[in-house]
Each structure stands twice: as C-alpha cells, then as structure tokens.
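The data below hold one chain only, encoded as structure tokens and taken in the form predicted on its own.
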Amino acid sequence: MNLYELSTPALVVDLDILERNLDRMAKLCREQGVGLRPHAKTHKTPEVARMQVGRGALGLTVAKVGEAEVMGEAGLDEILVAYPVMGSEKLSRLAALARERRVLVSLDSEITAQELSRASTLAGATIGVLVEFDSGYKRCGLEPGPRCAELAAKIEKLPGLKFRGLMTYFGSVWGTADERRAEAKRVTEPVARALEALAAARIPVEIVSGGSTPSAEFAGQIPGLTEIRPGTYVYNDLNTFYQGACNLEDCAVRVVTTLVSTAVPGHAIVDAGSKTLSSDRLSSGPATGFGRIVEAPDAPLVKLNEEHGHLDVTRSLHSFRVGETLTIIPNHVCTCVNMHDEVFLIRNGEVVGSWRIAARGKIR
C-alpha cells in the first residue's frame, strides 16, 4: 500500500529517516564522550526504544510512571523518570516496577524523597535518585550549590533510596549554532557549582544528566556532564528545524490528511485538526501556523478546529482539489504523536507495517 492510500488522518514515520537520525545522535554522543539516555516522550513506543538501546543508549528517560511501566513491561531497563513523582498511588506503582527494573527518579525536595523512600521500602525495592538543580530554565530544580549537597546527604540516609547524581534541564536552546554553543557554555557555570558543592561534602557523583536535542552537539563542551536526554531527534519537527538543530529532510514524521472542502474562497479544509496535530504553535522561526504542508508550503495552515485544518490558499501556486491527499510536518511532534493510537511505517513511500503507540496518554 502507498502512503497516499491510507485512511486519513494518519500518522506515518519514514523508517530510513528515523534510522539515520538514530545513527547520527549515537555517533555524536560517542564522539563527545557523553552517554545517551534518550527521552521516550517523543516516540512513546518500545520498538523505537529498542532501536535506541541497540545503538548504544545506556537507558531511557520518561516523564511519567505510566511511560516507565510501558517500557519496563517491554523488557527495557535503566529508566529515569525525569520528573518529581508525588502521590501514593503513583509512588507505589513506581516502587513495584523498581523490584523488576533499574529505576531512577529526579527530585528537588526532601518531602518527595521521604515519600519515595516510604514507597520503595514497603515494596522491598531500591530506587536511584538524581537531585535536580536549576541551570537557568526556572522550572524545577534547586539553586546549584550547597542545597544540592544537603539534599543528597539526606537521600543517602533514607532507606530504599540510592543517591546516584545530579540532573538539570537546559533544553530551550535557540538560534544559530554559535548562539546554541554560547548557551551550552553558559551552562558550564551552574553545573560546576553543583559539582563543587557535592565534592566539598565528599559525596560521590556517578551521573550528571542534562541536555536536549538542540543542545546535543555541544554537550561535550560542558565539563562534568556524563549523559544527555534528547527526545525530539528521533523524529524531529518544525520547531527543531527552526531551532537550527535539523534540516527539513530530517523530519521523519508526517500526518497524512485528505482535503475535504474548497467551498470557501481562499480557503481549503483538511481532515487534520487539533485532535490530530495538537494545537501547539511554533515556538521558533516564524512562530505562526500549525504545520507545514509538504506539497504546498506556500499554503499556511492558519487555524485548527478539533477536526478541521484551515489552509490559507490565497497565495498558493498549488491547485487544490477535494479528495487529494496531502502530508503535514507537525510543529511539535511529541504532542502530535500522543494524539494517535498507531504510527504507520514507511519505506520509499510504501507502508511496510505499523507500531502501536503503547505509551500514548500515559499522563500519570
């Protein structure tokens, strides 16, 4: 079956591009001497996770316990939940998983550590802990310095926990290669402060985790960083392209859609709306629109209803007709993938299989 014969809207991934992206990141990490713990939030599928581990990834990153469970049930190991987990039900599930798999959790609070310790002890498990520090994003994390060492020392005394290192997030890296390089250089200072505080307290640090897709090529410039957690690189998207971290030909995912109406002059409607693409706008580049029409890039996707995508065709050279099939590169592939139950696999334009997106909707 050709991809244009799929019932729409449908999510497709070009396997050749995916494999090239995986190979490139694995090689980049090897050359820089940093470990790769990719974030599964982008693909949400054990099949891609296995491809990453097969190329040398030392483990996986997830954001939610439900994602960790999906990956653990698929036989994957060394899973970092890069999120401060709270709530007895979630902590109990995480501790149960930790009896079977090696699990790490990032946190920035003694309260969170105590609750994690309680759950882990009840389950007879041991959970690794990374203390999160803020390197400028101002989302989660302690001020890098003595507070990190104080929390690490308390974690070392809690049963069921093992302090393994530090984590930070410096993912919002935009602009040219020089601008992204400068941002990576800026991060060296808070990383150094956090490490110095642990060294002064004589607390060994095994892991220093950071990074993202846009900053990956400069990870080796940050002394002390042992691993990075890029996610989007597997598929890439328009945001990654406009960040300067990939080319359009590196975008592996498309949404296949059918043009269903041209009745309103200057407009065309496709059957991919906010429930297909997500309503995320571009946060880089032109910062407008909801995706790029591959066959007609001069027809911006200007508006989304739940099931309708609105194209402005007033300046397009493409001759739009009802019933034709178009493909869209999404703005933000992570949220787009999470809208779908399955992804169809493409080689040379032909559908060769599909994967169930097993971790989609796992928000707890």
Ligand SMILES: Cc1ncc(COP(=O)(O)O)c(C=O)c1O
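The numbering used is simple: start at 1 and walk along the sequence shown. Bear in mind the structure is a predicted one, so any value in this text is a computation, not a measurement.
There is also a form predicted in complex with this ligand; it is not shown, and the following applies to it.
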{"property": "Sole residue of Gly136, Gly273, Gly231, Gly128 within 4.5 Å of this ligand in the model of the complex, by heavy atom", "result": "Gly231"}
{"property": "Proximity to this ligand in the model of the complex, single hit among Arg55, His318, His310, Lys41 (heavy atom within 4.5 Å)", "result": "Lys41"}
{"property": "This ligand contact at Leu166 in the model of the complex, heavy atom, 4.5 Å", "result": "no"}
{"property": "Exercise: Ser120 in contact with this ligand in the model of the complex, heavy atom 4.5 Å", "result": "no"}
{"property": "Close approach of Ala82 to this ligand in the model of the complex, 4.5 Å, heavy atom", "result": "yes"}
{"property": "is_contact(Asn239, this ligand) in the model of the complex, heavy atom dist at most 4.5 Å", "result": "no"}
{"property": "Candidate stretches 320 to 328, 64 to 72, 300 to 308, 33 to 41 - the one whose heavy atoms come within 4.5 Å of this ligand in the model of the complex", "result": "33 to 41"}
{"property": "Sequence-ordered residues of 212 to 230 touching this ligand in the model of the complex, heavy atom within 4.5 Å", "result": "Ser212, Thr213, Pro214, Arg229, Pro230"}
